[in-house]
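First, one chain by itself: the form predicted on its own, in structure tokens.
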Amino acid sequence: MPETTLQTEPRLQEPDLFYKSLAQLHAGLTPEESLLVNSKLLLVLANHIGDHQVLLQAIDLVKSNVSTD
């Protein structure tokens, strides 16, 4: 049975390498290009996750951590 709860504990095997790769992906991009790259990456990862409830939990978590000031 697939996991239907958002996993928020650290799970990246090599977080520093991932961060470096993500930073390199954005190197030299305009703010608009960077936003587009982030949107495409988000959709690819959301498709990989595939579980609607988990994705909604992620949206709620992010929404609750965004300041509107």
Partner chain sequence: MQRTYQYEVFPFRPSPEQRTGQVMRHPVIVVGAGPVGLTAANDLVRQGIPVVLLDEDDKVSLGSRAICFAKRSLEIFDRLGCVEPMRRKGITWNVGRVFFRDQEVYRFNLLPEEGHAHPAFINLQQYYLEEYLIQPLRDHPLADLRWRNRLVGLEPGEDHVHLTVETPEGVYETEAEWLIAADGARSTTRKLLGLDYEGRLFQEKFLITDVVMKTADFPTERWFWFDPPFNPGYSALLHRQADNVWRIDMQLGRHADVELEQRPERVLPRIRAMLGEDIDFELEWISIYSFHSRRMERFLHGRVLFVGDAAHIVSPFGARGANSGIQDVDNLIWKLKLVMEGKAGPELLESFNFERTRAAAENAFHTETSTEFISPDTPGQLALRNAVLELAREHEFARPLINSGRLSTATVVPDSPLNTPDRDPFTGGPIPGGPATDAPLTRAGEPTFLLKQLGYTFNGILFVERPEEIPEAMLADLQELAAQEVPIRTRIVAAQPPAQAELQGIPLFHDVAGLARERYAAQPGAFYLTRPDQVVCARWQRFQRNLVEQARDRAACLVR
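Residue numbers count along the first chain shown, from 1. Predicted model, so just to flag it, every value in this text is computed and none were measured.
This next part talks about the form predicted together with its partner chain, which is not shown.
Contact of V44 with its partner chain in the model of the complex (heavy atom, 4.5 Å)
Flag for V44 set to yes.
Touches its partner chain in the model of the complex: L29 (any heavy atom, 4.5 Å)
The answer is no: L29 has no heavy atom within 4.5 Å of its partner chain.
Residue by residue through 19-46, which ones have a non-hydrogen atom no more than 4.5 angstroms from its partner chain in the model of the complex?
Heavy-atom contacts within 4.5 Å come from L35, L36, S39, K40, L42, L43, V44.
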